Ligand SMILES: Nc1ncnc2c1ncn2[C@@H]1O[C@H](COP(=O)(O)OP(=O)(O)O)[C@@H](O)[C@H]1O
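Just the one chain here, the form predicted alone, laid out as structure tokens.
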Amino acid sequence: MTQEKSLAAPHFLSNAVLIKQGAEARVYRTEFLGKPMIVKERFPKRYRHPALDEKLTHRRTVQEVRSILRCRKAGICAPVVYFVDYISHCIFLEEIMSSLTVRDHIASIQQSGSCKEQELEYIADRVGQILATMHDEDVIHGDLTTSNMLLRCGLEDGDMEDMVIIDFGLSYISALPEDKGVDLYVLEKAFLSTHPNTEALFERLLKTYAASSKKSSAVIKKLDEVPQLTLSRN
């Protein structure tokens, strides 16, 4: 029975299209029952002892699925989890169709030269609200960038419907303000390096986060301490 289960996902992936490979996992695009689907496969690390590798990979798969489900339960848009194969460490996820990354959307607005300050402010406010909800649920994303946030378009008019958070591969559950502060710090560095001259926009994002979160005061305090801790370690 175990052998049959362990072979199920690899056989399914033989007809899938590899779209991305990182240090931790491969990402495939395929279909199941006529629906577009993404499959994330964590592969073995040959440099680790097999027993340790299996234990760590299993734990990270569990953490990723748990984080997605907790976010969805809290009303945050995240991909639907269709199936999890803990033998082959594959997560079968909804593919978010008719979407573009927040990174590309902000870049498009900035390059257009048109005055769309209200649209940028809406994005900042929405990100702040979503992260506040996520952190209040004690979900740490671990890789917050505007590339891991998708704007899904409405099917009828093409307007932006909502923001979807993706790629929870480094996520975990923690109530510590330090972990949430580091999460925001990662986003701040990624945001400002990807989108030049957006310091005021990120400040707006943080203000919305602070106003929307029930636990924000301790988190913002830790966020302010992160650069000092980084310097002291160096």
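Take the two forms, superpose them, and find the largest set of C-alpha atoms that agree within 1.5 Å; that set is the rigid core. In case it trips you up, residue 1 is the first one in the sequence shown, and so on. Predicted model, so just to flag it, every value in this text is computed and none were measured.
Same protein, other form: the form predicted together with the ligand, not shown, and the subject of what follows.
Site check A74, T133 and L144: each within 4.5 Å of the ligand in the model of the complex by heavy atom: None of them does, since no heavy atom lies within 4.5 Å of the partner.
Heavy atom within 4.5 Å of the ligand in the model of the complex - the one residue of N148, Q129, S88, Q110 that qualifies: Comparing distances to the ligand in the model of the complex, the residue within 4.5 Å is N148.
Heavy atom of E95 within 4.5 Å of the ligand in the model of the complex: E95 belongs to the contact set for the ligand.
L223 within 4.5 Å of the ligand in the model of the complex, heavy atoms: Contact with the ligand, no.
Distance check, V219 to the ligand in the model of the complex, heavy atom within 4.5 Å: Although the ligand is absent here, V219 would stay clear of it in the model of the complex, with no heavy atoms inside 4.5 Å.
Heavy atom of D183 within 4.5 Å of the ligand in the model of the complex: Contact with the ligand, no.
Residue stretch of 203-211, 190-198, 174-182, 37-45 approaching the ligand in the model of the complex, non-hydrogen atom distance within 4.5 Å: Partner-contacting stretch among the options: 37-45.
Residues in 22-47 close to the ligand in the model of the complex, defined by a heavy atom within 4.5 Å, in order: The stretch touches the partner through G22, A23, E24, A25, V27, I38, K40.
L201 C-alpha relocation of at least 2 Å between this form and the one not shown, rigid core basis: Stays below the 2 Å threshold, so no.
Large Cα shift (2 Å or above) at V27 between this form and the one not shown, core-fitted: Yes: V27 shifts by at least 2 Å between this form and the one not shown.
Flag for E41, CA shift 2 Å or larger between this form and the one not shown after aligning core: Yes.
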